[in-house]
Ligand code: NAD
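Next up: a single chain in structure tokens, the form predicted on its own.
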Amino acid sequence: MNGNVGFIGLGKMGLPMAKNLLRNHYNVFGADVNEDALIEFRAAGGNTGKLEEWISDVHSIILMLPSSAIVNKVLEDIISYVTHRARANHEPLMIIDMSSSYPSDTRENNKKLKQYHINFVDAPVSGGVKKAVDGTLTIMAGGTADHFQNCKRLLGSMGTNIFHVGPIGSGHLIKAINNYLSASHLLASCEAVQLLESFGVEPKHAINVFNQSTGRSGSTEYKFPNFILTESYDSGFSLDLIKKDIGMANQLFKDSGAATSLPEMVYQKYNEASNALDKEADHTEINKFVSSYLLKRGILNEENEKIVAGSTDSGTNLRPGSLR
């Protein structure tokens, strides 16, 4: 196997991941619609160019794209180029989808790729931009055991906790459920902290107690101290993206006939927040939205109640409110 790898999607997560491949001595060909990302990638030692120019020279292509629809389109392009060009070696091409894609799409794409003797693994990630930069992501991979073993070393250049979680689509399934759990923890934590603040409890004291108690979570241990209490709201993961993942999880629960309304309730809150906050809002800014509807000293703020009622107006811009 040669050291040539393709990487499509050099965004906030993809660019540092691709840079880590370079640091681990892979020869990486990057592609993205953003020219600034391509410039930065070239400055780090990466190669750029059109997919059709380098696809015959790589053994693997990693996808880190915003949606299943874009993944599906890129895979169609890959199939087209593979069928019309001779490859530099006789090894089957390996596609690793590290995006947050729909599991059903992933299974269908696997069937399609098999027809062209292209191997496929879904390997989404968790950990955010910081861990993407550090190369310490958690990676949950779905696919055959052989395919997983073939790409495990490559994945190890980007993450430290690497799991083979089951057949194709399993990685994307567990990622959607993980982000649903993370979003639920964050929403509940924001409501809890703001309620305590209305009683005069300092948020930092509440978080310190939670983190030494059974109420702790990734939200209280990491997101609150770094992005919410500091009011920086710059985790690098957007509100729209986590809303997409919650919506995916919600649909999976519905499709399975699960008798629970909780996923729908969580999705509804994030959907309202997405409509009410700035388009580019970070997902930790759900805390600002919580301040618009939570009880304030036992009295519902009528002005904020109107904001929530009219939250379908995407131009509404909420500011963090004090519960004191």
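Start at 1 and count along the sequence shown; that's the residue number. Predicted model only: the values in this text are computed from it and were never measured.
One more form of this protein exists, namely the form predicted in complex with this ligand; it is left out here, but the text below deals with it.
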Contact at G169, I174 and K254 by this ligand in the predicted complex, all three, heavy atom at most 4.5 Å: no
Per-stretch contact check against this ligand in the predicted complex, the hit in 113-121, 142-150, 183-191, 67-75 (non-hydrogen atom, 4.5 angstroms): 67-75
Listed residue (L239, V125, I246, M158) with a non-hydrogen atom within 4.5 angstroms of this ligand in the predicted complex: V125
Heavy atom of A43 within 4.5 Å of this ligand in the predicted complex: no
Contact label in the predicted complex: E272 to this ligand, heavy atom within 4.5 Å: no
Contact label in the predicted complex: V129 to this ligand, heavy atom within 4.5 Å: yes
Contact flag, N34 vs this ligand in the predicted complex, heavy atom cut 4.5 Å: yes
In the predicted complex: members of 98-112 within 4.5 Å of this ligand, any heavy atom: S99, S100
